[in-house]
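Here you get one chain, nothing else, as structure tokens; it is the form predicted alone.
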Amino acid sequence: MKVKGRNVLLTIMTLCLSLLFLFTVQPAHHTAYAADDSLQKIKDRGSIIMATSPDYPPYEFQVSKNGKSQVVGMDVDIMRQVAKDLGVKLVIKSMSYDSVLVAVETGKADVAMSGINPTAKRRQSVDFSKIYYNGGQSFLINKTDVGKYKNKAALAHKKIGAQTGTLQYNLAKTKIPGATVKGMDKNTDLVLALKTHKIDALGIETPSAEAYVKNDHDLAMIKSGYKLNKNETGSAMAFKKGSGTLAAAVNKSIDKIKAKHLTTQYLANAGKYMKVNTNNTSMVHYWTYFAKGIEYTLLISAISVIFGVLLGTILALMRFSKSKVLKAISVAYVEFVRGTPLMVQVMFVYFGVGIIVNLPALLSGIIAVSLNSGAYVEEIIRGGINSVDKGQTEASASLGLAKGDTMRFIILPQALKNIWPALGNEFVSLVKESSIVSIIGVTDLIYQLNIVRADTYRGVMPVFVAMCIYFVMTFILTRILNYFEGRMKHAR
């Protein structure tokens, strides 16, 4: 048993080291930046891809226009001007904030733009354009706390919220004595945490703070009082290291925008969209968003179930193979997948594998969920096969059946009856677990939920609606599975 365990461990370690080598060792010309074709690639393609996290008004946020979701804001208007100057189309990829720089580094996007501060630490990983806007730093607080929190000093030893991976998070950690800093991926979640008194203040850029205060009368704003340099108050575009020609072209557009004072106009445009957003915030008005989310959630779940079962069956048969190599591969795969979070697997497939093959977000999500499901299905099927009495195999052999036919016609049908409840539970779990793909911009139910929250400034109701939808989907699926389970019990 010890030898077998060591073989499996060695297989897993070899797999990890191989992946580490594959994704960290880059070709020489990438490190030397000998040939900078960043701008030419965009012109040849005819489009520039922008990675952004559209939950940060007035920089970028989503609105409903003609029944469809659209990303708008100052950053989007600036990028449209850049695309116009380059003579190409603008393509926007939405994702979580902590993924936008990764998208640039792995080639998923040409430029990251999401109110990003060009700090010295970030400059080690990506190139930056000139600063296109200086917004400053502020705090959002509840209006009822205006007399309590008048400045930064009053926030000492309090709970401060900030978006994970942002400058605001690091500033709160280092410049507010005794503060407990709580990080979340979405500003909409942080605003909800603030309004429900889970945090005392929210660190945020001044333009965004002003936007929230104008549209939510329960909130107020105070200046941060931080002593910062321009890189800590300004916003810039991020590019992959070595994108000098692209950065130079973008800087020309930024100079043009500054000379014509276009950012003032862009901010005014964003303000108009935000006012429209608050006209009708009923959940019925956003039924098309939830419907689209259901469509993608069911699509991902259905395809992942099919491929998960196929993969799980293959892995289970490998587990019962006489070949030690096949057994080791099966065990190593299952242990590795079950030992890593699904979120990490989704990001690895989208960003990591994307270095080699540029996979769309939806396909990446389906692949990751299918691979994850396959590992759990394998264990379910293995348990089912082991539950079949050994006498069935012996009886089949005495009748002259081949081992393959025995497994196909005798063992697996009986195992399926035994494992159906567990397999059904995996199907139900898959519907809920597929929600993780929203982090890479797949428009599933959770992604649409966040759009509605950002669009309506309502934190709780969209969550309640999504919760009810998930319950209805899983309840119906459970009833269908129970029906087939009953049929199996009565089948001879």
Partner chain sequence: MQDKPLVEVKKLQKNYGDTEVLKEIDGTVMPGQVICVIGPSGSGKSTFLRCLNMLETPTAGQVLFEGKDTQKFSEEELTTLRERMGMVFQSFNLFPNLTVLDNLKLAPIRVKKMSDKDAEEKAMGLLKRVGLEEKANVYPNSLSGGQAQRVAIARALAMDPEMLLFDEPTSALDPEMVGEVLAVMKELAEDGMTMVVVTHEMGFAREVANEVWFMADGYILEKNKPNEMFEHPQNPRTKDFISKIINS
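Positions refer to the first chain, counted from 1. Since this is a predicted model, take the numbers as computed values, not measurements.
Heads up, the form predicted together with its partner chain isn't pictured, but that's what we're talking about next.
Interface residue remark: residue 401 is counted as part of the site for its partner chain in the predicted bound form, having a heavy atom within 4.5 Å. Proximity of residue 392 to its partner chain in the predicted bound form falls within the 4.5 Å heavy atom cutoff.
In the predicted bound form, at least one heavy atom of residue 397 sits within 4.5 Å of a heavy atom of its partner chain. Using a 4.5 angstroms limit between non-hydrogen atoms, residue 405 touches its partner chain in the predicted bound form.
Screening 413, 421, 178, 341 for any heavy atom within 4.5 Å of its partner chain in the predicted bound form leaves a single hit, 413. Residues of just one listed stretch (285 to 293, 413 to 421, 311 to 319, 102 to 110) have heavy atoms within 4.5 Å of its partner chain in the predicted bound form: 413 to 421.
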